Each structure stands twice: as C-alpha cells, then as structure tokens.
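First, one chain by itself: the form predicted on its own, in structure tokens.
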C-alpha cells in the first residue's frame, strides 16, 4: 500500500513537471514527496491575474482514498478562502473527493475556484458579505491583495531554502483601507470624530459598511459600534 502511494505521488509530481502549458509548479518541502508546495498563476481576466498563488499540500497516508490536505500560503481575498489562515472551502477537498483526482487536477480546481466564487457557501464570511454587497468593490480589493501578496518574486529573492515559498507574501507598504475594501472617505469621516484608524477599519469591516449597505447604516449606529 505504501509503495503504491509512493509510486503514484512520484508519477503525479512528474506529470506536473512535464506539463509546461498548464503553468503549474510543484516543489518538495524538506525533500519529502508527501509535503509539497504547489503553485499556479492567477486566471487571466480576473482580479487574480498576474499573481502567483502558492498552496501547501500534505499527502495523507491513505491517499488517494482520502483527500489531499491543502491550504493557501499566499494571502487571497476570496469568499471561499480564509483571509487569515488560507483554509479552503471546496467540495472536492471534503465530501466530493474521488481517488481519480490528482495533484494536478486538484491544483487546477483551485485555480478555477478563483474564477467562480461561491459566496453562499463561504469560508470567509466577511469577504462573502463584501462580494454580495458590492462585487466591483470586492474585485478592486481582491486585485489589491493580488498585487500586494501574490507578486512573483524578483531576482533578489532567488536562492530561497528548499521548501519555502517563492512568492512575495510580505508587502513593503500596505494601504490598510484598500486591504479592507473600504472607502477612504468613510474611514476619514469617523477618524475626524476622534476614533483611531485601526478601530474604524475593524468596525466598518465587521458591519460591512460598503456599497448599498452604507445608506442603511446610520452614523449613530457606527459610532455606537465604535464605542463598544
């Protein structure tokens, strides 16, 4: 059983390495074929275009009869991906897993997930609310996250230790308002009342003070939340 698992995983790694058209890459962590980092480019025509997204992959002992364990290492603004932990809500990684799925097909499914969010079955409820309230604002924020967290690494980043991600995950300068998907004028409105910017951003995110929701939430309500 163990030998069959080893042979299968080695073949699946080789299949990814041989298929240059798919744009996928795979690397071993600490020389183990059972702990990997897979990468794929953001889908063209989406707010993730231009990014390179890295995924931590653990191959369980009972693979392929049990789903691969995957989470994003790149921070992604998406309803079905936790913006904090990288956890993924995708049926094939849970109840709809099938032994016919492979490392390659699963990475491609994650790439497709970026094209087709499912906000009604979210992993990140705050991001899902943003998507449902104002899709254009959501896309602007997701694009900003892609530019900030998923830029392919430049030459000076080469030579990283084996098993580490080659995507630039740590931005040098972050616009906290843009990261939160909020309007600058709204943040400044409550800052002018004497509230600290970080607190304003935290509250406006939590109450989804965006798009069509803004006229529905009175200034007094926001102040009450800020004072809690």
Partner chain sequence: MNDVETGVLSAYDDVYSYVESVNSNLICCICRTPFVEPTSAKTCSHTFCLRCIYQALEITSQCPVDRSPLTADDLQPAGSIVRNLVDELMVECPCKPSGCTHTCQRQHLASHLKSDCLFVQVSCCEDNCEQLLLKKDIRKHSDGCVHRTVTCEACDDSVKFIDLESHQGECPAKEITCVHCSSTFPRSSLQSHNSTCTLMPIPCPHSTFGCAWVGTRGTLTEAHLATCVYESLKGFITLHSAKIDALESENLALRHRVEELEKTSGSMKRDISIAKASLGPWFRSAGSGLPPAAAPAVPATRQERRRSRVVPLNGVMSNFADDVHPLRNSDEVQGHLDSNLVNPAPAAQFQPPNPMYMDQSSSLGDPAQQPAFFPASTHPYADRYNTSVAPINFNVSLEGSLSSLHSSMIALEGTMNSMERRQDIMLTTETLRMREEVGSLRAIVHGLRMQVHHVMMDRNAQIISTSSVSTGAGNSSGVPRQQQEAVVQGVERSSVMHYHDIQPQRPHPPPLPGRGGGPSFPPSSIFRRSVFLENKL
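Numbering follows the first chain given and starts at 1. None of the values given here were measured: they were computed from a predicted structure.
Beyond what is shown, the protein has a form predicted in complex with its partner chain; the following relates to that form.
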{"query": "Complete contact of 11, 64 and 100 with its partner chain in the predicted complex (any heavy atom, 4.5 Å)", "finding": "yes"}
{"query": "Among the candidates 96, 85, 112, 120, the residue which, in the predicted complex, approaches its partner chain to within 4.5 Å (heavy atoms)", "finding": "96"}
{"query": "Its partner chain: the contacting residue among 108, 132, 89, 92 in the predicted complex [heavy atom, 4.5 Å]", "finding": "92"}
{"query": "Partner-proximal stretch of 64-72, 28-36, 49-57, 176-184 relative to its partner chain in the predicted complex, 4.5 angstroms, heavy atom", "finding": "64-72"}
